[in-house]
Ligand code: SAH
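Read the single chain below, which is given as structure tokens and is the form predicted alone.
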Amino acid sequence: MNGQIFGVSLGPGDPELITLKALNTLNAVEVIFCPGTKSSDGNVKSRSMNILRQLPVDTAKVRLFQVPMSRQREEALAAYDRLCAEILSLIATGKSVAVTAEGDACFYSSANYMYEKLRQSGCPVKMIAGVPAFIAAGASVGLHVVKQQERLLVVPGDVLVEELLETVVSKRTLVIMKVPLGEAVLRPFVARHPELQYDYFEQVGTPDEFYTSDVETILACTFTYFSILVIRPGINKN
């Protein structure tokens, strides 16, 4: 594995949802890079690091890097550029490196920019698949997200009204990731359409996991960044 780079998916939060291949890769590489964000109190928090600490992995080889959380991506891209340079210097000495990502590293991963930049630098990244958060969310409550010939659309939170309405009218199940990004659209939509089925999840796979399908409870929630809303055609019985 000398001089190789791996994009390792950790799953949504529950350490038992990591794949065996991902775990074996983490133990085989010499350096593991793990993303974190600085909170308002100045401390760096990392969901990825929380997962790694619960796995049989040598955390001494983990290096935490900070990714600024902002809709303006310039600072985050600059952080990824610095990390890419560090990774390339390690690869040049023959070291193997893993870069972790929550959920699946190829599904709405903010690290995708970095993976592409490393490829463009002549260092292909071998991607290790993981469990996306919305799949884990459905399984956590026994929700069959789609069945038979039903269609599914997964979108980020900042959806347009037209997108949302078109999706429901077309009889598709809609999965919305990062719900707060579309709060201005979603709250009035949910209030206007109580006839639909809603499943709201927060912090899937963590001790703070929360779930409700009750419309009033959903509307009363303070939507968090790590939240998922599933909207399905049908009668909401709650």
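Remember, it's a predicted structure, so these values are computed and weren't measured experimentally. All residue numbers refer to positions in the sequence shown, first residue = 1.
There is another form of this protein, the form predicted together with the named molecule, and it is not shown here; the text below is about that form.
Shown alone, this chain has one stretch from 54-62, 36-44, 175-183, 22-30 that lies within 4.5 Å of the named molecule in the model of the complex by heavy atoms: 175-183.
Among residues of the shown chain, F107 is one whose heavy atoms approach the named molecule to within 4.5 Å in the model of the complex. Put simply, Q197 is far from the named molecule in the model of the complex: not one heavy atom of it is within 4.5 Å.
The closest heavy atom approach of S48 to the named molecule in the model of the complex falls outside 4.5 Å.
Contact annotation: A133 falls within 4.5 Å of the named molecule in the model of the complex, judged by heavy atom distances.
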